[in-house]
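Here you get one chain, nothing else, as structure tokens; it is the form predicted alone.
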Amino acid sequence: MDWSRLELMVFGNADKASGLVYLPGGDKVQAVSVVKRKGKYQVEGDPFRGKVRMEVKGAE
């Protein structure tokens, strides 16, 4: 698995969602939050400082 590219899935239709991610070789669990803007989810902030590309999909 390529841990530098993650696909996040949001189940439901909430305006916000969050979860925890721990990467192999990482030093701690990172909180990841997404927010729905113009009908699409976007990651808020960058807990991995550009090292991980996160794509968000909604399971509607």
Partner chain sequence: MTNANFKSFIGRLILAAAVLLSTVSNAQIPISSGDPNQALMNEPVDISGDFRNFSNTYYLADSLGKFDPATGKGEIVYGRYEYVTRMAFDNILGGLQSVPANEFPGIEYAGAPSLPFSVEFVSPRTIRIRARTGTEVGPDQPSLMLANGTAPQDKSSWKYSKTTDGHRYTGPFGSVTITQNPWHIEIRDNAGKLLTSTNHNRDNAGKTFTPVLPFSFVRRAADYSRSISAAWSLSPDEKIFGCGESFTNFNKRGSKVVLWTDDSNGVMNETMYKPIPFFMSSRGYGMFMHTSSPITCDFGKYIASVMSLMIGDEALDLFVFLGDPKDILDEYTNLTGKSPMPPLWSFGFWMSRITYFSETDGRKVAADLRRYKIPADVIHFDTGWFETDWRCDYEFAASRFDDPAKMISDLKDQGFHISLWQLPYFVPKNRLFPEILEKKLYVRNNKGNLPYEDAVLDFSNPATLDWYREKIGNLLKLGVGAIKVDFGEAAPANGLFASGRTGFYEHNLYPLRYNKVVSDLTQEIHGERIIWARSAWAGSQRYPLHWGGDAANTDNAMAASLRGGLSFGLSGFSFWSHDIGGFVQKTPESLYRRWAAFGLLLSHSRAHGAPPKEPWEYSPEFLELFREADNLRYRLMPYIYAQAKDCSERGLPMVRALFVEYPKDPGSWLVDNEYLLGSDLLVAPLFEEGESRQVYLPPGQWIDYQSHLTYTGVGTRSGPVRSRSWCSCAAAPLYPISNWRKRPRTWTGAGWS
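Positions refer to the first chain, counted from 1. Bear in mind the structure is a predicted one, so any value in this text is a computation, not a measurement.
What comes next is about the form predicted together with the partner chain, which does not appear here.
Residue contact with the partner chain in the predicted bound form: Gly39 places no heavy atom within 4.5 Å of it. Heavy atoms of Pro24 reach within 4.5 Å of the partner chain in the predicted bound form, making it an interface residue.
Remark: Gly45 does not count among the residues lining the partner chain in the predicted bound form, judged by a heavy atom distance of 4.5 Å or less. Gly12 belongs to the set of residues with a heavy atom inside 4.5 Å of the partner chain in the predicted bound form. Contacts between stretch 6-20 and the partner chain, counted in the predicted bound form as any heavy atom lying within 4.5 Å, involve Leu6, Glu7, Leu8, Met9, Val10, Phe11, Gly12, Ala14, Lys16, Ala17, Ser18, Gly19, Leu20, listed in sequence order.
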